[in-house]
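The form predicted alone is given below as one chain in structure tokens.
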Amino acid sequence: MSTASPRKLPMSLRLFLIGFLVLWVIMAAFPFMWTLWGSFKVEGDFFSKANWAFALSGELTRVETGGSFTGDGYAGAWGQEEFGRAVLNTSIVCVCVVTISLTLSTLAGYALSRSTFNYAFWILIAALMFRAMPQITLVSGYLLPFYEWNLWGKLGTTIIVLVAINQPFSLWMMTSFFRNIPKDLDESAMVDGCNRFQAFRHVILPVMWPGVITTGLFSFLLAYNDFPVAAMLLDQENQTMIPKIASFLGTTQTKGNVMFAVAAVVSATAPLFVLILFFQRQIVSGLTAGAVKG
């Protein structure tokens, strides 16, 4: 019995789709590539009002540094302005937020997904309402105890608030993922002698790993890209990367500070590309976790 071969798209449509894809990639990649190129120029070239082509040719860069490219922006950001300290602070915040959020949301999501009581639905609704609140509202509620306990300015305050902001979203995602895993797996494991936690740890969690990675990545991005919470709660010594970059562009401009910001932006963005490329398979698997069947 013959099977029909898949229908091929017309050549004109294929060319249109390829052209559209190429154009989309160029438009998406151009801002970062342009910023990366400009980070090796001096401010007079990259922000030239007289001739935008200076950003390509590097006329003033050659005059000031003797070459078409310079690493002064990176040297100033990492050396003079101690951007590395902000990177370390961001790393600490991200690791703590992801670890705490994933631990709580994984356990709570599993419990809610397996619960037969109505309160599970209302807990999720309350979490959704909490997530819809403006972040500034949550921050203002924490300010008084942070001041009274002399915690303002320390990294722990930002970690607490970011976990509180991120927890409803992580809880919803993990609950959704767990509900797509058949309950028969739990029951089979417990028939074989596992208790509820052992069934969760040894049977359910390995199946859920792509979903855990996807949720963890979203939690990481929330903490990594946060500005309002860190700007309000952290002092200058404990600044994370985004507020540190903003400080380069303050009301009082110093020569070179703008290029420090450009170099810092590239330094902060590049790791995200590596992270997405490294975890792309797990992310796709996690986002399509609903395809799991019993």
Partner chain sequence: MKHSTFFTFVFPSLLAMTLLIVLPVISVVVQSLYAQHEQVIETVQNCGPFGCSDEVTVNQEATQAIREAEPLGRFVGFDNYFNRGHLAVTEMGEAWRTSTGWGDWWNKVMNLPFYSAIVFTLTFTFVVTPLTIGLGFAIAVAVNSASRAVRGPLIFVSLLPFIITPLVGSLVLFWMVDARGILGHAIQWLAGNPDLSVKASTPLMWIMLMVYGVWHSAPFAFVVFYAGLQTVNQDTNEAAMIDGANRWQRVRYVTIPHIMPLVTFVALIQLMDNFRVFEPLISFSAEAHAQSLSTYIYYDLGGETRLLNSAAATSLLTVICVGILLSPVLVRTWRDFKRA
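Residue numbers count along the first chain shown, from 1. Between two forms, the rigid core is defined as the largest C-alpha subset superposing within 1.5 Å. Just so it is clear, the structure is predicted and the values come from calculations on it, not from any experiment.
FYI, the form predicted in complex with the partner chain isn't displayed, but the following is about it.
Here the marked residues P168, F200 and A246 all reach the partner chain in the model of the complex, each with a heavy atom within 4.5 angstroms. The stretch from 89-97, 117-125, 206-214, 69-77 that comes within 4.5 Å of the partner chain in the model of the complex, counting heavy atoms only, is 117-125. Proximity of G84 to the partner chain in the model of the complex falls outside the 4.5 Å heavy atom cutoff. Heavy atoms of E43 reach within 4.5 Å of the partner chain in the model of the complex, making it an interface residue.
Residue contact with the partner chain in the model of the complex: P134 places a heavy atom within 4.5 Å of it.
In the model of the complex, the partner chain lies within 4.5 Å of some heavy atom of E148. Shown without its partner, this chain lists I160, L102, M173, I181 as candidates; in the model of the complex, only I160 has a non-hydrogen atom within 4.5 angstroms of the partner chain. If you take 29-56 and check each residue for a heavy atom within 4.5 Å of the partner chain in the model of the complex, you get A29, F30, P31, F32, W34, T35, E43, F46, F47, S48, K49, W52, in sequence order. Annotation: Cα of T103 displaced by less than 2 Å between this form and the one not shown, core superposition. Annotation: Cα of L222 displaced by less than 2 Å between this form and the one not shown, core superposition. Relative to the superposed rigid core, V87 undergoes a CA displacement smaller than 2 Å between this form and the one not shown.
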